[in-house]
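The chain that follows stands alone, in the form predicted on its own, written as structure tokens.
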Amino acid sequence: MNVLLPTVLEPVLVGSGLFDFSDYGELLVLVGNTLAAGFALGLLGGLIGIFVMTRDMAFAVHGISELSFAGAAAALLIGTSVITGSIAGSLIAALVFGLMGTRARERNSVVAVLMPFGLGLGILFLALYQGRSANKFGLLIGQIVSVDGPELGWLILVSAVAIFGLIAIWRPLSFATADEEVARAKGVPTGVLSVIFMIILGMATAVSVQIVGALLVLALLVTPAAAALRLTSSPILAPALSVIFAVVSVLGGILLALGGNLPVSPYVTTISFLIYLICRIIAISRKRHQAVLAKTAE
């Protein structure tokens, strides 16, 4: 994912204005694969984000993203696939977090130890890398890229495996998330489910890093789900809204970045935050309205 778009994008990306849509139609044709990858990423991020929120694992996502960054930076340094390196780093982190810490407090302590190590390792690899500086920058905060056939295939394949894996364990994972002790008493293999979920989360984090970078991955794996849960706790409606919010954030960010002079991640994170802000305002207004109705009924 480190192949930049052709130089036709340069006037847009380095223009003096905030936006320039003069050649937007020509640019749009160049990012068809990126939009497809973004849609798959939004679908995966929206679904898994619900469990990230309900299982209190937002900090773990950030930790995995740092190890994913280290893996991607190592791959960039040795000249191999950045996607493969990113996935390898994410899976290593996910397995470590899943095996060493089952409770939130234990898991967070492990994340806090490994996160700076991964970030420092990634920065070391980037410092040793002698290639284009844009490639280094993109690993941290994302970039508009031209996704070729093999890269698109990898991203969609990883996203599809993660989505189908998540669907396969959805019911027992929901049960274990709601009440782990009761689920364990009923024979649900909560420990195995936790490791499987962490592996799926690692895959989701790896593909998310390709679009928004390691530092801003929370905008896709946490914020859309947090916004959805502000509106509803329905086991059907909440994931659906989370997916919609994530897809809108990714695709909207990519489309805006085509006419802007900034990397894609600021647009994605801004859209994601605005959606969350709107949902929070709606939730507060609804709560106040319910309080007024209850007081009136008295």
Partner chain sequence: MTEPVAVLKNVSLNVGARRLWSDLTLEIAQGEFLAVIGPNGSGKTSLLKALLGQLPIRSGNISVLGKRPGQANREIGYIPQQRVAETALGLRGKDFVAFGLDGTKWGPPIRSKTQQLQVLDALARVDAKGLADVALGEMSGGQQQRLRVAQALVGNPRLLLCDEPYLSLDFKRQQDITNAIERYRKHSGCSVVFVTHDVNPLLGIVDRVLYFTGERFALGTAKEVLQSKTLSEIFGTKIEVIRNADRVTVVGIPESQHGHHELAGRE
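Positions refer to the first chain, counted from 1. What you are looking at is a predicted structure, and each value in this text was computed from that prediction instead of being measured.
This next part talks about the form predicted together with the partner chain, which is not shown.
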property: Interface stretch in the model of the complex with the partner chain - options 263-271, 48-56, 247-255, 63-71, non-hydrogen atom within 4.5 Å; result: 48-56
property: L157, heavy atom within 4.5 angstroms of the partner chain in the model of the complex; result: no
property: 4.5 Å heavy atom contact, W170 and the partner chain in the model of the complex; result: yes
property: Proximity of L229 to the partner chain in the model of the complex, heavy atoms at 4.5 Å; result: yes
property: Partner proximity in the model of the complex: S174 to the partner chain, non-hydrogen atom cutoff 4.5 Å; result: yes
property: Contacting member of L128, I78, A178, V113, with respect to the partner chain in the model of the complex [4.5 Å, heavy atom]; result: A178
property: The unique member of L193, L119, V96, I200 whose heavy atoms fall within 4.5 Å of the partner chain in the model of the complex; result: L193
property: Within 4.5 Å of the partner chain in the model of the complex: residues from 217-244 (heavy atom criterion); result: L229, S233, S234, P235, I236
